[in-house]
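Given as C-alpha cells, the chain that follows is alone and in the form predicted on its own.
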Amino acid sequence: MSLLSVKQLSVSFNMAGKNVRVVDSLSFDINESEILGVVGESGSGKSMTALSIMGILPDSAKSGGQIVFKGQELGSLNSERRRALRGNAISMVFQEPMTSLNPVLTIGYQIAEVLTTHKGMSVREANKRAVELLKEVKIPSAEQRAKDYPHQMSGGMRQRVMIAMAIACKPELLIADEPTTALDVTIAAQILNLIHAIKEEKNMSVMLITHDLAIVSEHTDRVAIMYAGGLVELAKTEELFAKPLHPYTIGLLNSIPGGKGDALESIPGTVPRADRLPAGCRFSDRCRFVLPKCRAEEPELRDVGDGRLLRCIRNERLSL
C-alpha cells in the first residue's frame, strides 16, 4: 500500500529571466515498510525532490504537482501544519551532518529539542530519551557523548546523531539523502546497516537517495533511476539488476567496479544543464543506442509490466 505518492512534481528556478525546471513531471510512490532507492548522477534532481517532500525548498524555487502523504495532499497544508509534520511523521537525514548540527549546542540538547517541540515532552523526559536514542544508534558511552558538541565527534558518529534525531519521533517515512557522503567504506557500511536495522525494527519506510547502485543493490526493495530531472526507470531491485532496460541504467550498472584488474566503463559526456537539455530524449546525446526518433520527441514514461516503469522507446534488453 502506498504511503507517499509524488504526482507530476516539478521544481523550477528563474535563470537569466527564463523559467528552468530542475525536476520535471516526476511521479513515483513509496510503499509502506519499503526502502525505495533513488539513484542518479549529480544534477539529476534527487535532492530537490527530497526537499520538495519535506517542504523546505529555497524561496527562489517554484514547484507544481502533488505530494500525497497518507491520503493528504501536503501542498494544501498551511505552514504550521507542515512544520508539525516535518521531523515528526516525515524526517530527513542530510548529506553533511556537520552543517546540519548546531556547533554551539550539545548533541543531547539538539536531540531533546526535537522531542520537546514535536512530542511535548518535559526537558527531563526529553534528555533521558535523547540518551536512549544515542544508544539505539550504537553510540558508546551515550550518557557522556550527549554532553559533547558536534566537533568532538567523528563524521560517522555525527551521522549517527543525525539518524537519532530523525527517528526520535518514530517517523513513518525517513528520507536519507546521500547519508554516507565523505565517510570511509567501513563506516558507510555501518551507517547503511543501521538505517536498514532501524527500518525493520520500527516498520518505517525509507527513501534512500544515492548515486551508487552498489549501495541500493543490498539495501532497497525498489529502485527509481533519475536523469536530468526526470524518472527514466523504476523497478524492483532484483529485476533492475537482472534485466536493466534503460540505456542509462545499463551504463550505471557497467560502471560498478568488477573483479580485480577489470577496466571500468563510463558513460560518455555529462548530465546536461537544466537549461540546455537536448532535443527529444534527455539521454539522447550520451546514448549508444540512439535512433532518429529519440532526438525528435521525448518518450513517455510507461508501464512495461508488473508495475515496472520505463522512459525509452525500446523494450528489449540491451548491453554495452
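We number the residues from 1 along the sequence you see. These numbers come from a predicted model, not from an experiment.
What comes next is about the form predicted together with a small molecule, which is not displayed.
May I ask you to choose, among 54, 48, 30, 287, the residue with a heavy atom within 4.5 Å of the small molecule in the model of the complex?
Contact with the small molecule in the model of the complex is made by 48 alone.
Is residue 268 a contact residue for the small molecule in the model of the complex, using a 4.5 Å heavy atom cut-off?
The answer is no: residue 268 has no heavy atom within 4.5 Å of the small molecule.
Please determine whether residue 119 contacts the small molecule in the model of the complex, using a 4.5 Å cut-off between heavy atoms.
Output for residue 119 is no: heavy atoms all beyond 4.5 Å of the small molecule.
Given that the partner is absent here, does residue 43 sit within 4.5 Å of the small molecule in the model of the complex, heavy atoms only?
It does: once the small molecule is placed as it appears in the model of the complex, residue 43 has a heavy atom within 4.5 Å of it.
4.5 Å heavy atom contact, residue 58 and the small molecule in the model of the complex:
Residue-level check for residue 58: yes, a contact with the small molecule.
Is the small molecule close enough to 62, 227 and 232 in the model of the complex that each of the three has a heavy atom within 4.5 Å of it?
Not a single residue of the candidate spot has a heavy atom within 4.5 Å of the small molecule in the model of the complex.
Which one of these stretches, 247-255, 66-74, 34-42, 289-297, sits within 4.5 Å of the small molecule in the model of the complex when only heavy atoms are counted?
Of the options given, it is 34-42.
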